[in-house]
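Next up: just one chain, as structure tokens, the form predicted alone.
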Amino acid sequence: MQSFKDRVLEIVAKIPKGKVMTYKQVAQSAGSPRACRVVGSIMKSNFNPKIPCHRVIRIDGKVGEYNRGRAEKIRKLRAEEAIK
């Protein structure tokens, strides 16, 4: 059976360029709707460039944190036209 972390990483890997999902949406898709903070922790520790963790944002529309710096997350999302 696949771990929650593996399910999260698989879901985030499939977020297309120019799109975002919220931490809550990822948690729901992975089968644990209340595990938003766990998703955030998983994203914070991810340094695999094949997992676009910058495409996961807060439910209020704010970008949130990023393990390479918030400014870099904003830059990447703007470059992908996911945010203005």
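So that there is no doubt, residue numbering starts at 1 and follows the sequence shown. Rigid core (definition): largest C-alpha set, two forms, superposition within 1.5 Å. Note that this is a predicted model, so its numbers are computed, not measured.
Just so it is clear, the following notes concern the form predicted together with the DNA, a form of the same protein that is not shown.
> Test of understanding: in the predicted complex, would K24 fall inside 4.5 Å of the DNA by heavy atoms?
Output for K24 is yes: heavy atoms within 4.5 Å of the DNA.
> With a cut-off of 4.5 Å between heavy atoms, is K73 one of the residues that contacts the DNA in the predicted complex?
Looking in the predicted complex, residue contacts with the DNA include K73, since a heavy atom lies within 4.5 Å.
> Can you tell me if K5 lies within 4.5 angstroms of the DNA in the predicted complex, counting non-hydrogen atoms only?
The answer is yes: K5 has a heavy atom within 4.5 Å of the DNA.
> Even though the DNA is not shown here, does E65 get within 4.5 Å of it in the predicted complex, heavy atoms only?
Flag for E65 set to yes.
> Can we say K17, V20 and S29 each have a non-hydrogen atom within 4.5 Å of the DNA in the predicted complex?
Verified in the predicted complex; spot residues all out of contact, no.
> Just to make sure I understand: among 36-64, which residues lie within 4.5 Å of the DNA in the predicted complex, judging by heavy atoms?
Heavy-atom contacts within 4.5 Å come from C36, R37, V38, G40, S41, I42, M43, K44, F47, C53, R58, I59, D60, G64.
> Can we say the CA of S45 moves by at least 2 Å between the shown form and the other one when the core is superposed?
Comparing forms between the shown form and the other one, the S45 CA shifts at least 2 Å.
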